[in-house]
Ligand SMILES: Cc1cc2nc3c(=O)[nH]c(=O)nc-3n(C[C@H](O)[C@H](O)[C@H](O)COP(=O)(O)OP(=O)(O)OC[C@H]3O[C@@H](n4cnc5c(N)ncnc54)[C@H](O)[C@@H]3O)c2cc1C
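Quick heads-up: it's one chain on its own, the form predicted on its own, in structure tokens.
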């Protein structure tokens, strides 16, 4: 079994930035959102430079389930309750526009990326009223959909069926687009001066006229307040060999099951939870059990996890980073629907930089007033404050001797609290117990063997290396013999 996604493969290698430079437009982040934004701007004749901390598409883009779909579950019911019909209809149209733009590029460049039309099902085994309410809202905004009984894969449920949805291989698609812009890999932006528009990396600084922050989670803490209005969510996926599902299925529950076919088998995903909010559930084992029930005993070929940025209202953010900053923009918060939303947001940002109107700029604006969000805001704030408090004030009597082999714990070690992982040979891997971003106490995730921040979702490997933002800094690391 491989511990990576089925999409991840070797891609063309690009150089590392090694000197200071002046550039017109700099996009920070080489996932699908940053890459498509750079592509669209270059297509419009702009000079663009893209900076990626690791390799292109090595983050959430390479770990997606890659569904290009407008059938996104109960987000439409929730939007209708918050905003009414106009905003709900605009969001639905934006998603169908995203599908159209993907299809147009696939055909224009003759891209072979396993692009395939499928039916999409949102199902529920015990909350039929959710499906019926979703159907009513979608019909009001013009969607062609229907409620069906006992869909093929989940006979004990009812489902909302929407045809004309698509699957594809995201890395095949992105790698086939013509590159008309400059790319630097292994170039982590460690700091941005938002006033002077200076991006600092270990290899040099870039002085930019305009900056687009497409780093999964926004990295400028001093403006925009994103650390208060976003949260991160973890989910888990396995790939099983052989023929299974023909279409796409998604449980209407947030932590429910997702199923889709791919070229060599079937993907099953689920187990969603807030990053760093670790429970005792064995998510991969639960997915394997679901695969056995649905398809009989199958060989599990791959397993991986992904992290998604969530907004309070279920819509992404694409536009000006904050009202007080000129020439700095942001794209984030795809709520697990990064394929269609990345495509639409790339168009929104391109039009914004070119001074053009875009029908979705208003609803995707990072400065929009999110209605009925007080409870979400308070809950998120309490989680963040609680994590910081634990980092400084929680007392532990555990020591490194209490850490089992193959596991990690926050312990009292050499006079200070430390995050300690003991490998299978008994050696200790020691890092600080607090996330460098805003000093929340880290949590051990035994499913992924990572240290996760419960506040804003930064993640670190056992050596303290940063895996995902918003932290731009790694944790200090020390390796010790077990006798120490």
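Bear in mind the structure is a predicted one, so any value in this text is a computation, not a measurement. Numbering follows the first chain given and starts at 1.
The form predicted together with this ligand exists for this protein as well; it is not shown, and the discussion that follows is about that form.
A.B. asks: Thinking of 29, 336 and 469 as one candidate spot, does this ligand come within 4.5 Å of a heavy atom in every one of them in the model of the complex?
C.D. replies: Judged in the model of the complex, 29, 336 and 469 all sit within 4.5 Å of this ligand.
A.B. asks: From the list 188, 302, 368, 93, which entry has a heavy atom within 4.5 Å of this ligand in the model of the complex?
C.D. replies: Residue within 4.5 Å of the partner: 188.
A.B. asks: Would you mind picking the one in 445, 46, 49, 58 that has a heavy atom within 4.5 Å of this ligand in the model of the complex?
C.D. replies: Answer to the contact question: 58.
A.B. asks: Pick the stretch from 375 to 383, 79 to 87, 114 to 122, 231 to 239 whose residues have a heavy atom within 4.5 Å of this ligand in the model of the complex.
C.D. replies: In the other structure, the partner sits against 231 to 239.
A.B. asks: Hey, in the model of the complex, does residue 67 get a heavy atom within 4.5 angstroms of this ligand?
C.D. replies: Because a heavy atom of residue 67 falls inside 4.5 Å of this ligand in the model of the complex, the answer is yes.
A.B. asks: Wondering, does residue 137 line up within 4.5 Å of this ligand in the model of the complex on heavy atoms?
C.D. replies: Judged by the heavy-atom cut-off of 4.5 Å, residue 137 is well away from this ligand in the model of the complex.
A.B. asks: Flag residue 214 as yes or no: does it have a non-hydrogen atom within 4.5 angstroms of any non-hydrogen atom of this ligand in the model of the complex?
C.D. replies: Yes, residue 214 lies within 4.5 Å of this ligand in the model of the complex.
A.B. asks: Heavy atom to heavy atom, is residue 313 within 4.5 Å of this ligand in the model of the complex?
C.D. replies: Residue 313 lies outside the contact set for this ligand.
A.B. asks: Could you pull out the residues of 32 to 49 that have any heavy atom within 4.5 Å of this ligand in the model of the complex?
C.D. replies: Counting only heavy atoms within 4.5 Å of this ligand in the model of the complex, the contacting residues of 32 to 49 are 32, 33, 34.
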